[in-house]
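Presented below, as structure tokens, is a lone chain in the form predicted alone.
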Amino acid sequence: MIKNISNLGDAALYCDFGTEVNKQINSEVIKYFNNIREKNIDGINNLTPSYNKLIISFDLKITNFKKIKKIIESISINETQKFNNKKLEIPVCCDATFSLDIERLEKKLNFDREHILEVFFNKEFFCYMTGFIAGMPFLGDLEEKMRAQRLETPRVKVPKGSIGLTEQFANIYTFESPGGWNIIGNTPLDVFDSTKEKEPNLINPGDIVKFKRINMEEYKDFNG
């Protein structure tokens, strides 16, 4: 449940669900996110869910902090309420061309390449949020034994489609971007499509993701 509702600048507020990062708390964030979005509340122009926060932006010409806060406080969320999530399979090629940091992970985690990839591909991931760059999903939760810190020196350019691991999360770079995550592969899928105005994200908060290992020939077929 919401612990606190506070101002965030003049035209936004954030709902604080606590300090922990876990699936249970994030599920509460997503329930509120979906509920508020479905209500089409007058004046709200953007909703941004994160691990344990929900930022709500609004138009000051239409509404204000007190009105939005009152509406949020009146919302009743059923503890058994479920959200409509999708289960997605994302193909990933882990050819040496793409697995830029696998040797680093072998050293940091004290596992060989195949064991790291076996654990990764057997895992079902939960999408906590999207952000940093458009459509980038933050997918948890990696087992303790699979958690590694970011690169000491981030890359200036991480290729689009790269699959990265850091701490408890995996992500997918939707665009070429600077970044410091440990890259283990690449997907040929477009995870973000700006031409789709209503639903540009392939993966959204609450979705379940399973990665499927493909070889280089299969990867090229996707792009061919």
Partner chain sequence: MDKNYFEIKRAGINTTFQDKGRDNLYHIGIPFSGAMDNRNFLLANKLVDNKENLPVIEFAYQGPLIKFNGDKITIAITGDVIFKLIKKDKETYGKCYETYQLEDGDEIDILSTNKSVYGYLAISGEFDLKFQWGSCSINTKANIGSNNGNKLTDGQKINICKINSNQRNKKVNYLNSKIENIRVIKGTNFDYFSEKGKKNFFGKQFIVSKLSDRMGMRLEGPKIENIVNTNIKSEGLLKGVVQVPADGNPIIMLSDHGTIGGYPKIGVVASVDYDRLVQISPGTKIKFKEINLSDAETLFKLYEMETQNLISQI
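Nothing here was measured: the structure is a model prediction, and the numbers come from that model. Numbering follows the first chain given and starts at 1.
Although it is not shown, the form predicted together with its partner chain is what the next lines describe.
In the predicted bound form, residue 208 stays away from its partner chain, with no heavy atom inside 4.5 Å. Looking at residue 19, you'd find a heavy atom of it within 4.5 angstroms of its partner chain in the predicted bound form. Put simply, residue 38 is far from its partner chain in the predicted bound form: not one heavy atom of it is within 4.5 Å. Taking non-hydrogen atoms only, residue 29 never approaches its partner chain to within 4.5 angstroms in the predicted bound form. Only one of 131-139, 117-125, 85-93, 102-110 places residue heavy atoms within 4.5 angstroms of its partner chain in the predicted bound form, namely 131-139. Along 9-36, a non-hydrogen atom within 4.5 Å of its partner chain in the predicted bound form is carried by 9, 10, 11, 12, 14, 19, 21, 33, in order along the sequence.
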